[in-house]
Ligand code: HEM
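Okay, so here's just one chain, in C-alpha coordinates, the form predicted alone.
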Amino acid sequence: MPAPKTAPSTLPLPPGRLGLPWIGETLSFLRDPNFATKRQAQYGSLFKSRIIGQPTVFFCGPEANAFLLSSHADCFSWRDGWPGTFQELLGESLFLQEGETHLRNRRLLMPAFHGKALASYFSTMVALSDSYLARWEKKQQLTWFLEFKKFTFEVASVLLVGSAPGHDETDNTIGTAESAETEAQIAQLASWFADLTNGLFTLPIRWGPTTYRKALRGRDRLLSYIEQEITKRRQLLARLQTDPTAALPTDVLTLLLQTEDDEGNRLSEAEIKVQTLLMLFAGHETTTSMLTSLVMSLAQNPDVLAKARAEQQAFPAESALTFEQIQQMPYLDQILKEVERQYPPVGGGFRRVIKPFNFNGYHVPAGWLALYRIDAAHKDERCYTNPSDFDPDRFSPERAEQKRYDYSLVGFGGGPRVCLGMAFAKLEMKIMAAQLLRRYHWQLDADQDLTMNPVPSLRPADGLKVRFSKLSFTA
(Lines give C-alpha, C1' and ligand atoms only; values in the text may rest on other atoms or scores of the structure.)
Protein backbone atom coordinates (compact mmCIF):
# COMPACT_ATOMS: atom_id res chain seq x y z
CA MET A 1 0.00 0.00 0.00
CA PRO A 2 1.33 3.50 -0.77
CA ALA A 3 2.18 5.65 2.19
CA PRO A 4 -0.19 8.44 3.19
CA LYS A 5 0.47 11.76 1.50
CA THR A 6 3.44 13.26 3.28
CA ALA A 7 5.87 16.02 2.43
CA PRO A 8 8.69 14.29 0.53
CA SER A 9 11.38 15.74 2.81
CA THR A 10 9.93 13.99 5.88
CA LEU A 11 10.38 10.46 4.54
CA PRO A 12 13.70 8.63 4.14
CA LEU A 13 15.02 7.10 0.96
CA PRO A 14 14.54 3.32 0.64
CA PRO A 15 17.07 1.18 2.53
CA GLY A 16 20.01 -0.33 0.70
CA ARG A 17 23.35 0.90 -0.52
CA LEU A 18 24.43 2.83 -3.58
CA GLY A 19 27.99 1.54 -3.50
CA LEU A 20 30.89 3.22 -5.26
CA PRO A 21 30.34 6.27 -7.50
CA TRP A 22 29.02 5.36 -10.96
CA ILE A 23 29.78 1.61 -10.79
CA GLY A 24 27.72 1.12 -7.63
CA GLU A 25 26.68 -2.54 -7.34
CA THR A 26 26.63 -3.19 -11.10
CA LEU A 27 29.15 -6.05 -11.02
CA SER A 28 27.26 -7.89 -8.27
CA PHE A 29 23.96 -7.29 -10.08
CA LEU A 30 25.34 -8.77 -13.32
CA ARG A 31 27.29 -11.65 -11.82
CA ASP A 32 25.01 -12.88 -9.04
CA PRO A 33 21.62 -14.26 -10.22
CA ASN A 34 20.41 -14.05 -6.61
CA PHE A 35 21.46 -10.42 -6.13
CA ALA A 36 17.94 -9.02 -5.82
CA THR A 37 16.65 -11.94 -3.73
CA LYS A 38 19.43 -11.43 -1.21
CA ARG A 39 18.82 -7.68 -1.04
CA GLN A 40 15.09 -8.20 -0.61
CA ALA A 41 15.72 -10.60 2.28
CA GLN A 42 17.94 -7.96 3.89
CA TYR A 43 15.97 -4.76 3.21
CA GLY A 44 12.40 -5.71 2.35
CA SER A 45 10.15 -5.19 -0.68
CA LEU A 46 11.59 -1.77 -1.59
CA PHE A 47 15.33 -1.13 -1.63
CA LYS A 48 17.87 1.01 -3.43
CA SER A 49 21.06 0.30 -5.30
CA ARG A 50 23.16 1.86 -8.04
CA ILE A 51 23.20 0.06 -11.38
CA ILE A 52 25.36 1.27 -14.32
CA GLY A 53 25.68 4.73 -12.83
CA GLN A 54 21.97 5.07 -12.04
CA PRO A 55 20.42 5.16 -8.55
CA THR A 56 17.83 2.41 -8.82
CA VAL A 57 14.90 1.40 -6.64
CA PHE A 58 13.83 -2.26 -6.73
CA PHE A 59 10.11 -3.09 -6.44
CA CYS A 60 9.32 -6.56 -5.07
CA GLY A 61 5.95 -8.25 -4.55
CA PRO A 62 2.35 -7.89 -5.73
CA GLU A 63 1.65 -4.59 -3.94
CA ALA A 64 4.73 -3.06 -5.56
CA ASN A 65 3.65 -4.41 -8.96
CA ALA A 66 0.20 -2.88 -8.55
CA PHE A 67 1.71 0.49 -7.61
CA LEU A 68 4.13 0.63 -10.55
CA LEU A 69 2.02 -1.07 -13.25
CA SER A 70 -1.38 0.39 -12.42
CA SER A 71 -2.30 2.77 -9.62
CA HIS A 72 0.73 5.10 -9.96
CA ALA A 73 1.85 4.29 -13.49
CA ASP A 74 1.91 8.03 -14.25
CA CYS A 75 4.95 8.38 -11.97
CA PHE A 76 7.01 6.28 -14.37
CA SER A 77 8.27 6.52 -17.94
CA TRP A 78 8.51 3.30 -19.93
CA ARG A 79 10.59 4.82 -22.72
CA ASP A 80 13.23 6.46 -20.52
CA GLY A 81 13.68 3.36 -18.38
CA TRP A 82 15.32 1.31 -21.13
CA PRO A 83 18.84 1.63 -22.55
CA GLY A 84 19.41 3.68 -25.69
CA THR A 85 20.17 0.46 -27.57
CA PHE A 86 16.51 -0.56 -27.22
CA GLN A 87 15.31 2.81 -28.45
CA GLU A 88 17.59 2.80 -31.50
CA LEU A 89 17.13 -0.81 -32.52
CA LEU A 90 13.37 -1.13 -31.91
CA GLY A 91 12.48 2.40 -33.01
CA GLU A 92 9.43 4.44 -32.05
CA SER A 93 7.34 1.32 -31.50
CA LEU A 94 4.59 0.56 -29.01
CA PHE A 95 7.21 -0.82 -26.62
CA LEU A 96 8.66 2.67 -26.06
CA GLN A 97 5.64 4.89 -26.70
CA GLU A 98 3.69 6.58 -23.92
CA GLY A 99 0.62 8.68 -23.25
CA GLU A 100 -1.93 9.35 -25.97
CA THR A 101 0.38 8.08 -28.71
CA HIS A 102 0.64 4.71 -26.99
CA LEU A 103 -3.11 4.49 -26.35
CA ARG A 104 -3.96 5.42 -29.94
CA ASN A 105 -1.56 2.90 -31.48
CA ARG A 106 -2.53 0.16 -29.05
CA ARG A 107 -6.18 0.59 -30.08
CA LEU A 108 -5.19 0.33 -33.75
CA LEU A 109 -3.09 -2.80 -33.15
CA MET A 110 -5.54 -4.58 -30.85
CA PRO A 111 -7.92 -6.05 -33.50
CA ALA A 112 -5.05 -7.98 -35.09
CA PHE A 113 -4.52 -10.04 -31.91
CA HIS A 114 -8.02 -10.85 -30.73
CA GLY A 115 -11.39 -12.23 -31.81
CA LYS A 116 -11.84 -13.27 -35.43
CA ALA A 117 -8.27 -12.40 -36.36
CA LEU A 118 -6.90 -14.75 -33.72
CA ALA A 119 -9.16 -17.59 -34.90
CA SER A 120 -8.00 -17.03 -38.49
CA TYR A 121 -4.40 -17.80 -37.48
CA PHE A 122 -5.28 -21.22 -36.04
CA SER A 123 -4.96 -23.40 -39.16
CA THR A 124 -1.58 -21.91 -40.06
CA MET A 125 -0.26 -22.45 -36.53
CA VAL A 126 -1.43 -26.08 -36.66
CA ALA A 127 0.17 -26.67 -40.10
CA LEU A 128 3.47 -25.20 -38.96
CA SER A 129 3.48 -27.20 -35.72
CA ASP A 130 2.77 -30.41 -37.68
CA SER A 131 5.68 -29.63 -39.99
CA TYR A 132 8.14 -29.17 -37.15
CA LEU A 133 6.88 -32.21 -35.24
CA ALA A 134 7.48 -34.34 -38.32
CA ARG A 135 11.03 -32.95 -38.62
CA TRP A 136 11.76 -33.65 -34.95
CA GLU A 137 10.43 -37.18 -35.25
CA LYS A 138 12.95 -37.83 -38.03
CA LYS A 139 15.80 -36.19 -36.08
CA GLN A 140 15.08 -38.18 -32.89
CA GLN A 141 17.68 -36.17 -30.98
CA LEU A 142 17.52 -32.38 -30.77
CA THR A 143 18.30 -29.29 -28.76
CA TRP A 144 14.79 -28.04 -28.20
CA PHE A 145 15.42 -24.37 -27.44
CA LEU A 146 17.06 -23.90 -30.84
CA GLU A 147 14.25 -25.82 -32.58
CA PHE A 148 11.53 -23.86 -30.79
CA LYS A 149 13.30 -20.65 -31.79
CA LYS A 150 13.03 -21.68 -35.46
CA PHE A 151 9.38 -22.67 -35.03
CA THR A 152 8.26 -19.52 -33.22
CA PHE A 153 10.13 -17.27 -35.63
CA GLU A 154 8.49 -18.97 -38.60
CA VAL A 155 5.06 -18.57 -36.99
CA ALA A 156 5.83 -14.90 -36.39
CA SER A 157 7.21 -14.25 -39.87
CA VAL A 158 4.31 -16.06 -41.61
CA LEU A 159 1.44 -14.69 -39.52
CA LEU A 160 2.80 -11.25 -38.69
CA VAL A 161 4.65 -10.31 -41.87
CA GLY A 162 3.11 -12.73 -44.38
CA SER A 163 6.23 -14.70 -45.31
CA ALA A 164 5.51 -17.95 -47.15
CA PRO A 165 5.88 -20.96 -44.83
CA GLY A 166 9.06 -22.95 -45.33
CA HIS A 167 7.22 -26.23 -45.81
CA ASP A 168 4.79 -27.93 -48.16
CA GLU A 169 1.47 -27.85 -46.33
CA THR A 170 0.16 -30.87 -48.28
CA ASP A 171 2.72 -33.34 -47.00
CA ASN A 172 4.89 -31.48 -44.46
CA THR A 173 8.08 -31.98 -46.47
CA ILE A 174 10.74 -29.62 -47.71
CA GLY A 175 11.18 -31.29 -51.06
CA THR A 176 10.09 -28.63 -53.54
CA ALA A 177 12.35 -25.88 -54.85
CA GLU A 178 9.78 -23.27 -53.81
CA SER A 179 9.65 -24.62 -50.24
CA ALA A 180 13.44 -24.69 -50.06
CA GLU A 181 13.58 -21.07 -51.22
CA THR A 182 11.06 -19.87 -48.65
CA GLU A 183 12.77 -21.85 -45.91
CA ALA A 184 16.06 -20.14 -46.84
CA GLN A 185 14.31 -16.76 -46.72
CA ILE A 186 12.95 -17.40 -43.22
CA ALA A 187 16.40 -18.58 -42.11
CA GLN A 188 17.87 -15.32 -43.43
CA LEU A 189 15.26 -13.25 -41.60
CA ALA A 190 15.96 -15.20 -38.41
CA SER A 191 19.69 -14.55 -38.80
CA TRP A 192 19.15 -10.81 -39.19
CA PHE A 193 16.87 -10.85 -36.20
CA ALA A 194 19.42 -12.70 -34.08
CA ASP A 195 21.94 -9.97 -34.95
CA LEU A 196 19.44 -7.31 -33.85
CA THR A 197 18.59 -9.10 -30.58
CA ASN A 198 22.26 -9.56 -29.69
CA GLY A 199 22.73 -5.80 -29.95
CA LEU A 200 20.12 -4.99 -27.33
CA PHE A 201 22.42 -5.99 -24.48
CA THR A 202 25.80 -4.74 -25.70
CA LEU A 203 27.78 -1.51 -25.82
CA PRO A 204 26.64 0.73 -28.72
CA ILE A 205 30.01 0.76 -30.53
CA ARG A 206 29.28 1.52 -34.18
CA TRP A 207 32.67 1.17 -35.82
CA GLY A 208 34.55 -1.99 -36.73
CA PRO A 209 33.12 -5.55 -36.72
CA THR A 210 31.18 -5.03 -33.49
CA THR A 211 28.03 -6.74 -32.26
CA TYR A 212 26.18 -3.44 -32.26
CA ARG A 213 27.15 -2.58 -35.81
CA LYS A 214 25.83 -6.00 -36.90
CA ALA A 215 22.64 -5.28 -34.95
CA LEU A 216 22.09 -1.99 -36.80
CA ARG A 217 22.69 -3.71 -40.14
CA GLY A 218 20.24 -6.48 -39.20
CA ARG A 219 17.63 -3.88 -38.19
CA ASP A 220 17.99 -2.03 -41.51
CA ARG A 221 17.67 -5.23 -43.53
CA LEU A 222 14.57 -6.29 -41.62
CA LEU A 223 12.95 -2.88 -42.09
CA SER A 224 13.73 -3.05 -45.81
CA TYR A 225 12.09 -6.47 -46.03
CA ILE A 226 9.00 -5.23 -44.16
CA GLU A 227 8.81 -2.23 -46.50
CA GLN A 228 8.80 -4.56 -49.51
CA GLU A 229 5.99 -6.61 -47.97
CA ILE A 230 3.98 -3.44 -47.31
CA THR A 231 4.32 -2.51 -50.99
CA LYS A 232 3.01 -5.94 -52.01
CA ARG A 233 0.02 -5.61 -49.66
CA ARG A 234 -0.83 -2.16 -50.98
CA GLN A 235 -0.81 -3.55 -54.53
CA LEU A 236 -3.16 -6.35 -53.50
CA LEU A 237 -5.48 -3.90 -51.72
CA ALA A 238 -5.53 -1.74 -54.85
CA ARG A 239 -6.42 -4.78 -56.97
CA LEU A 240 -9.43 -5.40 -54.74
CA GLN A 241 -10.92 -2.15 -56.01
CA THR A 242 -11.37 -3.68 -59.47
CA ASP A 243 -11.37 -7.40 -58.62
CA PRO A 244 -13.34 -8.18 -55.43
CA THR A 245 -12.43 -11.89 -55.79
CA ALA A 246 -8.71 -11.21 -55.31
CA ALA A 247 -7.38 -13.03 -52.23
CA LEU A 248 -5.65 -11.14 -49.45
CA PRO A 249 -3.26 -12.81 -46.99
CA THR A 250 -4.63 -13.24 -43.47
CA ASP A 251 -1.61 -11.82 -41.68
CA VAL A 252 -1.21 -9.00 -39.18
CA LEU A 253 0.57 -6.72 -41.64
CA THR A 254 -2.40 -6.80 -44.03
CA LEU A 255 -4.80 -6.07 -41.16
CA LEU A 256 -2.72 -3.11 -40.00
CA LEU A 257 -2.83 -1.55 -43.45
CA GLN A 258 -6.64 -1.69 -43.34
CA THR A 259 -7.31 -0.84 -39.69
CA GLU A 260 -8.61 2.57 -38.64
CA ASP A 261 -10.11 3.88 -35.44
CA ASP A 262 -13.50 5.54 -34.91
CA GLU A 263 -12.10 8.86 -36.09
CA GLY A 264 -10.62 7.42 -39.28
CA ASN A 265 -7.01 7.48 -38.07
CA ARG A 266 -4.62 4.92 -39.50
CA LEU A 267 -1.04 3.95 -38.77
CA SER A 268 1.48 5.58 -41.11
CA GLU A 269 3.82 3.38 -43.12
CA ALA A 270 6.72 4.36 -40.85
CA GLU A 271 4.67 3.37 -37.79
CA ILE A 272 3.65 0.06 -39.35
CA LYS A 273 7.29 -0.77 -40.10
CA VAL A 274 8.53 -0.26 -36.54
CA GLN A 275 5.44 -1.89 -34.98
CA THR A 276 5.96 -4.95 -37.20
CA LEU A 277 9.62 -5.09 -36.19
CA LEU A 278 8.58 -5.01 -32.53
CA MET A 279 5.99 -7.75 -33.11
CA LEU A 280 8.62 -9.99 -34.70
CA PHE A 281 10.81 -9.48 -31.62
CA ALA A 282 8.03 -9.97 -29.06
CA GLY A 283 6.34 -12.70 -31.10
CA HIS A 284 9.06 -15.30 -30.83
CA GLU A 285 11.71 -14.56 -28.19
CA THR A 286 9.58 -14.98 -25.07
CA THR A 287 7.35 -17.70 -26.59
CA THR A 288 10.46 -19.77 -27.31
CA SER A 289 11.46 -19.44 -23.66
CA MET A 290 8.06 -20.50 -22.32
CA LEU A 291 7.72 -23.46 -24.69
CA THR A 292 11.15 -24.72 -23.65
CA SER A 293 10.30 -24.39 -19.96
CA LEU A 294 6.94 -26.07 -20.58
CA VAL A 295 8.32 -29.27 -22.13
CA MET A 296 11.17 -29.39 -19.59
CA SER A 297 8.69 -29.12 -16.71
CA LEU A 298 6.43 -31.82 -18.14
CA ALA A 299 9.39 -34.20 -18.50
CA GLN A 300 10.47 -33.46 -14.92
CA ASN A 301 6.97 -33.91 -13.46
CA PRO A 302 5.50 -37.22 -14.70
CA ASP A 303 2.28 -36.86 -12.67
CA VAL A 304 1.56 -33.52 -14.35
CA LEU A 305 2.44 -35.00 -17.74
CA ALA A 306 0.07 -37.95 -17.22
CA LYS A 307 -2.79 -35.65 -16.20
CA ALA A 308 -2.14 -33.39 -19.21
CA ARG A 309 -2.15 -36.41 -21.56
CA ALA A 310 -5.40 -37.63 -20.02
CA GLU A 311 -7.05 -34.29 -20.78
CA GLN A 312 -6.07 -34.66 -24.45
CA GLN A 313 -7.24 -38.28 -24.60
CA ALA A 314 -10.73 -37.14 -23.62
CA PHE A 315 -11.14 -35.75 -27.15
CA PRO A 316 -12.11 -38.12 -30.02
CA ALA A 317 -9.07 -40.27 -30.80
CA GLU A 318 -9.02 -39.69 -34.54
CA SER A 319 -10.15 -36.07 -34.58
CA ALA A 320 -7.84 -33.31 -35.75
CA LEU A 321 -7.11 -30.49 -33.33
CA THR A 322 -9.76 -27.77 -33.64
CA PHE A 323 -10.07 -24.20 -32.44
CA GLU A 324 -13.10 -25.25 -30.37
CA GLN A 325 -11.05 -27.95 -28.61
CA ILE A 326 -8.36 -25.41 -27.72
CA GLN A 327 -11.00 -23.56 -25.68
CA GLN A 328 -11.73 -26.75 -23.68
CA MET A 329 -8.36 -27.52 -22.07
CA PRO A 330 -8.51 -26.06 -18.54
CA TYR A 331 -5.64 -28.16 -17.19
CA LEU A 332 -3.35 -27.10 -20.02
CA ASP A 333 -4.31 -23.51 -19.21
CA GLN A 334 -3.22 -24.14 -15.61
CA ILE A 335 0.08 -25.61 -16.78
CA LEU A 336 0.80 -22.54 -18.90
CA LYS A 337 0.09 -20.29 -15.93
CA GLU A 338 2.43 -22.35 -13.76
CA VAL A 339 5.18 -22.14 -16.40
CA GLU A 340 4.64 -18.36 -16.53
CA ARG A 341 4.87 -18.22 -12.73
CA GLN A 342 7.90 -20.42 -12.21
CA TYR A 343 9.81 -19.62 -15.40
CA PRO A 344 8.94 -16.07 -16.53
CA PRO A 345 10.86 -15.41 -19.77
CA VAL A 346 12.17 -12.05 -18.54
CA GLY A 347 13.11 -11.16 -14.99
CA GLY A 348 11.51 -7.75 -14.73
CA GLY A 349 11.09 -4.36 -16.29
CA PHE A 350 12.79 -0.98 -16.00
CA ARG A 351 11.04 2.37 -15.69
CA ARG A 352 12.33 5.93 -15.18
CA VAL A 353 10.82 7.80 -12.22
CA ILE A 354 9.43 11.03 -13.69
CA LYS A 355 7.35 12.12 -10.66
CA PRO A 356 8.59 11.72 -7.07
CA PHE A 357 6.43 9.45 -4.92
CA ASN A 358 6.09 7.86 -1.52
CA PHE A 359 5.62 4.12 -1.11
CA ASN A 360 5.68 1.94 2.02
CA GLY A 361 7.01 4.79 4.13
CA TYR A 362 9.87 5.74 1.81
CA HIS A 363 10.42 8.55 -0.67
CA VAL A 364 11.76 8.01 -4.20
CA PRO A 365 12.92 11.11 -6.10
CA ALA A 366 12.40 11.83 -9.78
CA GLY A 367 15.26 10.79 -12.05
CA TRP A 368 15.90 7.40 -10.43
CA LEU A 369 15.45 4.12 -12.27
CA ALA A 370 12.81 1.69 -11.03
CA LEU A 371 13.00 -2.07 -11.57
CA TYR A 372 10.05 -4.31 -10.80
CA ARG A 373 11.02 -7.94 -10.21
CA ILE A 374 8.60 -10.44 -11.73
CA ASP A 375 9.80 -13.46 -9.75
CA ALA A 376 9.48 -11.65 -6.42
CA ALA A 377 5.68 -11.89 -6.63
CA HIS A 378 5.73 -15.29 -8.35
CA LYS A 379 7.71 -16.79 -5.45
CA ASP A 380 5.97 -14.91 -2.65
CA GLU A 381 4.69 -17.40 -0.05
CA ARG A 382 1.78 -15.09 0.76
CA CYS A 383 0.60 -15.56 -2.83
CA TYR A 384 1.57 -19.12 -3.63
CA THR A 385 1.70 -22.24 -1.47
CA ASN A 386 5.12 -23.94 -1.65
CA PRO A 387 6.20 -21.65 -4.50
CA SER A 388 9.26 -23.74 -5.42
CA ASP A 389 6.99 -26.67 -6.40
CA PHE A 390 5.72 -27.05 -9.98
CA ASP A 391 2.01 -27.32 -9.19
CA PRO A 392 -0.52 -26.38 -11.91
CA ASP A 393 -3.39 -27.19 -9.54
CA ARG A 394 -2.66 -23.97 -7.67
CA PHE A 395 -4.50 -22.29 -10.58
CA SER A 396 -7.55 -24.56 -10.40
CA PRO A 397 -10.94 -22.89 -9.73
CA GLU A 398 -10.93 -24.41 -6.24
CA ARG A 399 -7.55 -22.95 -5.22
CA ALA A 400 -7.08 -19.96 -7.56
CA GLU A 401 -3.99 -18.82 -5.67
CA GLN A 402 -3.36 -16.03 -8.19
CA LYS A 403 -6.46 -14.29 -6.80
CA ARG A 404 -5.07 -13.92 -3.30
CA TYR A 405 -3.28 -10.73 -4.40
CA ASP A 406 -3.76 -8.61 -7.48
CA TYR A 407 -0.70 -8.44 -9.73
CA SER A 408 0.79 -11.64 -8.32
CA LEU A 409 1.12 -13.20 -11.82
CA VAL A 410 2.84 -10.75 -14.16
CA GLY A 411 4.85 -12.80 -16.63
CA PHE A 412 2.99 -10.95 -19.41
CA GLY A 413 3.05 -7.66 -17.52
CA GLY A 414 -0.07 -6.07 -16.11
CA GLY A 415 -2.26 -3.00 -16.06
CA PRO A 416 -2.87 -0.84 -19.14
CA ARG A 417 0.36 -2.07 -20.78
CA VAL A 418 -0.20 -5.81 -20.41
CA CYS A 419 1.33 -7.70 -23.35
CA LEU A 420 -0.73 -7.03 -26.49
CA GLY A 421 0.20 -10.39 -28.02
CA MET A 422 -0.57 -12.52 -24.95
CA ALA A 423 -3.55 -14.32 -26.55
CA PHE A 424 -1.55 -14.91 -29.75
CA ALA A 425 1.35 -16.44 -27.77
CA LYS A 426 -0.92 -18.60 -25.61
CA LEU A 427 -2.75 -19.95 -28.66
CA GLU A 428 0.55 -20.84 -30.32
CA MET A 429 1.83 -22.58 -27.16
CA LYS A 430 -1.42 -24.49 -26.56
CA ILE A 431 -1.45 -25.80 -30.14
CA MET A 432 2.12 -27.08 -29.88
CA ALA A 433 1.55 -28.52 -26.38
CA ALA A 434 -1.68 -30.29 -27.38
CA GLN A 435 -0.04 -31.86 -30.42
CA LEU A 436 2.93 -33.02 -28.35
CA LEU A 437 0.76 -34.51 -25.61
CA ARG A 438 -1.45 -36.38 -28.08
CA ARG A 439 1.20 -37.89 -30.30
CA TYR A 440 4.76 -37.72 -28.97
CA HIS A 441 7.14 -38.77 -26.23
CA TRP A 442 10.33 -36.96 -25.17
CA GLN A 443 13.05 -37.73 -22.65
CA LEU A 444 15.66 -35.34 -21.32
CA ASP A 445 19.28 -36.31 -21.90
CA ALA A 446 21.01 -36.95 -18.59
CA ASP A 447 24.32 -35.32 -19.57
CA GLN A 448 23.36 -31.64 -19.83
CA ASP A 449 23.30 -28.42 -17.83
CA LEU A 450 19.74 -27.35 -17.02
CA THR A 451 20.81 -24.24 -15.10
CA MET A 452 18.50 -21.46 -16.26
CA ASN A 453 20.30 -18.64 -18.10
CA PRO A 454 18.25 -15.39 -17.85
CA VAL A 455 19.71 -13.33 -20.75
CA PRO A 456 18.28 -12.32 -23.18
CA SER A 457 15.37 -14.57 -22.19
CA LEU A 458 15.24 -17.50 -19.76
CA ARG A 459 16.47 -20.83 -21.11
CA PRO A 460 18.46 -23.91 -19.96
CA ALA A 461 22.21 -23.42 -20.34
CA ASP A 462 22.55 -26.35 -22.77
CA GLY A 463 19.35 -25.54 -24.64
CA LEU A 464 17.39 -28.64 -23.46
CA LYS A 465 18.70 -31.75 -25.20
CA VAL A 466 16.04 -34.43 -25.68
CA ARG A 467 15.31 -37.73 -27.39
CA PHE A 468 12.09 -37.43 -29.34
CA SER A 469 9.78 -40.12 -30.71
CA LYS A 470 6.19 -40.80 -31.66
CA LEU A 471 3.92 -42.46 -29.13
CA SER A 472 3.11 -46.10 -29.87
CA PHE A 473 -0.63 -45.33 -29.86
CA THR A 474 -2.79 -42.55 -31.26
CA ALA A 475 -4.11 -40.40 -28.43
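Note that this is a predicted model, so its numbers are computed, not measured. Numbers follow the displayed sequence, beginning with 1.
In what follows, reference is made to the form predicted in complex with ligand HEM, a form of this protein that is not presented.
| Using a 4.5 Å heavy atom cut-off, are 301, 459 and 463 all in contact with ligand HEM in the predicted complex? | Checked in the predicted complex: no contact with ligand HEM for any of the three.
Counting only heavy atoms and a 4.5 Å cutoff, which of 242 to 250, 346 to 354, 379 to 387, 228 to 236 contacts ligand HEM in the predicted complex? Among the listed stretches, the partner-contacting one is 346 to 354.
| request: Give a yes or no for residue 114: in the predicted complex, does one of its heavy atoms lie within 4.5 Å of a heavy atom belonging to ligand HEM? | output: No, residue 114 stays farther than 4.5 Å from ligand HEM in the predicted complex.
I'd like to check something about residue 425: if you look in the predicted complex, is any of its heavy atoms closer than or equal to 4.5 Å to a heavy atom of ligand HEM? Close contact exists here: in the predicted complex, residue 425 approaches ligand HEM to within 4.5 Å, heavy atoms only.
Touches ligand HEM in the predicted complex: residue 287 (any heavy atom, 4.5 Å): Yes, residue 287 lies within 4.5 Å of ligand HEM in the predicted complex.
*Though only this chain appears here, would residue 368 touch ligand HEM in the predicted complex if you measure heavy atom gaps against 4.5 Å?*
Taking the distances in the predicted complex, the answer for residue 368 is no, it never comes within 4.5 Å of ligand HEM.
Q. Ligand HEM isn't shown here, but in the predicted complex which of 213, 72, 79, 106 has a heavy atom within 4.5 Å of it?
A. By the 4.5 Å criterion, the partner-contacting residue is 106.
Of 450, 444, 419, 52, which residue is found within 4.5 angstroms of ligand HEM in the predicted complex when only non-hydrogen atoms are counted? Contact check passes for 419.
What residues, if any, in 123 to 159 have a non-hydrogen atom within 4.5 angstroms of ligand HEM in the predicted complex? Contacting residues: none.
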